[in-house]
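In the block that follows, a single chain appears as structure tokens, in the form predicted alone.
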């Protein structure tokens, strides 16, 4: 997908902090380092299932399929209710758990994320409500004050080893989704062999720079707790492995704010008091942040329901609203969509009335694209590891080497609902480590996803595959 020329708008900065714009050029500038956390970000919301399987060359019908994926993965349905028949298909997701956010990010970083998330993470799917010409920086300050009270105890994890973390990052499957380090040579690759650069876009991880080191380690130990969406699975790391991996991810050169920006923001930040904190809490609800994020401290984590126009009432031909190329202010969130994404969303909205609930086969593909299962697994000729990344899936031993590609790559999922017994399928899906691995020769483990996000596969895979392959034939 071609990079967009959209830039977040700076108009209407009533405090005169025009230096904020300098941060954009800082974050967008190429970093002279091979570290994967500093892979150059795209300038639009990054949705990996759309990025890999859709482009501006798609015909309108196929591009619309990508648009339906965007409606879900940009969480449009958190504010715009889908038709009742599509409610299960377009269910959206729960965004990052904000409990303890002030223990992960410094106050200045929280401030920037509230002002405009794309200041900090240009490819984020989180929209901005404070980038428009009418933004109220007193409201930003209040939200920052309240979010700053959301602290949690972070264990004093040991500082890990960078080199062990580098090896671990390139061994356990991180590079199936994230960028490999340019110049890294996996063990066993001949010195005269050329390492091909990854061609497919990688899932960004530039927030690793901003996280406190101990908090990053804690995140790697419990990603499913921090990211309820299940888009980042759990690799069942122990403390030493998570510490090593965190040390490596933090080893790139820090992104440093220009001194004048840091000073200006610090000077503009009022000292929090009880009234300001309470105002921030009320704004979190009033701005409907709890449409995507569960209300911290809430008893059941229930999200606010959609309150804007239903999807069926949106005008796919509009150039305004959430489709705006620049922030417009008011209650309109700014996403920074690029042209292809806007075309895909419009194509989906035009076909919304004729959209049918997914049959089981299409639902499997839909869910695999949401969770990026295709980064490791092929099914029905779709997906699987990119050829350039296969070299990072190492062989455990000579016996595995003798198996060829089957000895180091995750298996294709064709027929898996028929070839696996129900017990074995549940073990694979739900990560019952006590039962052991069905493929002990693989170095790359099957990660653990939140049960709720993979549970549908328990019925979908057998429903589709047994019709073609019959009953389970082996407990592989």
Ligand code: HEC
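Numbering follows the first chain given and starts at 1. Here the structure is a predicted model, which means the values were calculated and not measured.
FYI, the form predicted together with ligand HEC isn't displayed, but the following is about it.
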query: Touches ligand HEC in the model of the complex: residue 410 (any heavy atom, 4.5 Å); finding: yes
query: Residue 449 within 4.5 Å of ligand HEC in the model of the complex, heavy atoms; finding: yes
query: Heavy atom of residue 331 within 4.5 Å of ligand HEC in the model of the complex; finding: yes
query: Ligand HEC contact in the model of the complex: residue 321, any heavy atom under 4.5 Å; finding: yes
query: Heavy atom contact within 4.5 Å of ligand HEC in the model of the complex, the stretch among 88 to 96, 182 to 190, 153 to 161, 352 to 360; finding: 88 to 96
query: One residue of 343, 178, 166, 281 in contact with ligand HEC, assessed in the model of the complex (non-hydrogen atom, 4.5 angstroms); finding: 178
query: Heavy atom within 4.5 Å of ligand HEC in the model of the complex - residue from 391, 207, 214, 198; finding: 207
query: 4.5 Å heavy atom contact with ligand HEC in the model of the complex for all of 314, 420 and 425; finding: yes
query: Any residue of 101 to 117 that, in the model of the complex, places a heavy atom within 4.5 Å of ligand HEC; finding: 101, 104, 105, 113, 114
